[in-house]
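Below, in structure tokens: the form predicted on its own, a single chain.
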């Protein structure tokens, strides 16, 4: 899995940071990409990358503020022009479908692919053989959701040397063992899958939180998460101001990660008030509470591999 940040700013774009957009690349897992929020000019940000909009199969919108959705009409339209014909599902709060459909209708935009909408409510909003996605409403000034993406456990590795030592020949029998099926050899010996397959590997958990002030719901969505993407619109000197706008500080984000027992925290959605020379102190404040904290930037890419973030 890779996290590609296309926009890490808050409220409005700045020269350093575009508005909110995060591409979660699951190409190795399911050959798909999932987009979380789509602020203005997200498609322009994509032009500077090798990302292919046609590979995006799902879009998850946290809430209906403009800095999280104004890029959607352009992205949806361009996906058609760039060869997208596979279905696209958009998850988001009530009102999102109406806004998109009216925008497309009034602009006479024709899409070359089916568009499906899922109105998000708390609970499991998506599940397949590989992933389960939970949503929970956070505490912002409008309805806003956080998403918890849980990868299901991966099959254990087939211990080929051990299987061959038990007399299993190369071929389809090895595949049956890897899939968890016991087999019978030509000589009548039984080989049990559990004897030649390593234990299942735990899948990753990613929490992507929309705009929110510090709250218990954010902690619940992040319990034991491998990676938390949490807004940090303000710093520790403006806690009360942050809460009044329905936002969190860097320090509060770190407390969420600490209390949730997470492994890594990525600070996102930074106010333009913080200039480049402010950022080392901004990061240090959060790391003083939760050491595995990183500060996101536009076009930053993080890779999750072997239970570590690079």
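Numbering follows the first chain given and starts at 1. What you see is a predicted model; the values in this text were computed from it and never measured.
One more form of this protein exists, namely the form predicted together with a further copy of the same chain; it is left out here, but the text below deals with it.
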Determine whether any heavy atom of residue 236 comes within 4.5 Å of a heavy atom of a further copy of the same chain in the predicted bound form, and answer yes or no. no
Give a yes or no for residue 89: in the predicted bound form, does one of its heavy atoms lie within 4.5 Å of a heavy atom belonging to a further copy of the same chain? no
Taking 4.5 angstroms as the cut-off for heavy atoms, does residue 70 touch a further copy of the same chain in the predicted bound form? yes
Would residue 155 count as touching a further copy of the same chain in the predicted bound form under a 4.5 Å heavy atom rule? no
Among 22-30, 274-282, 41-49, 258-266, which stretch has residues with heavy atoms no more than 4.5 Å from a further copy of the same chain in the predicted bound form? 41-49
Looking in the predicted bound form, is a further copy of the same chain within 4.5 Å of a heavy atom from each of 230, 288 and 297? no
Within 4.5 Å of a further copy of the same chain in the predicted bound form, heavy atoms considered, which of 132, 78, 176, 220? 78
Though a further copy of the same chain is not shown, can you say which of 180, 114, 172, 95 has a heavy atom within 4.5 Å of it in the predicted bound form? 95
Heavy atom within 4.5 Å of a further copy of the same chain in the predicted bound form - qualifying residues of 133-157: 142
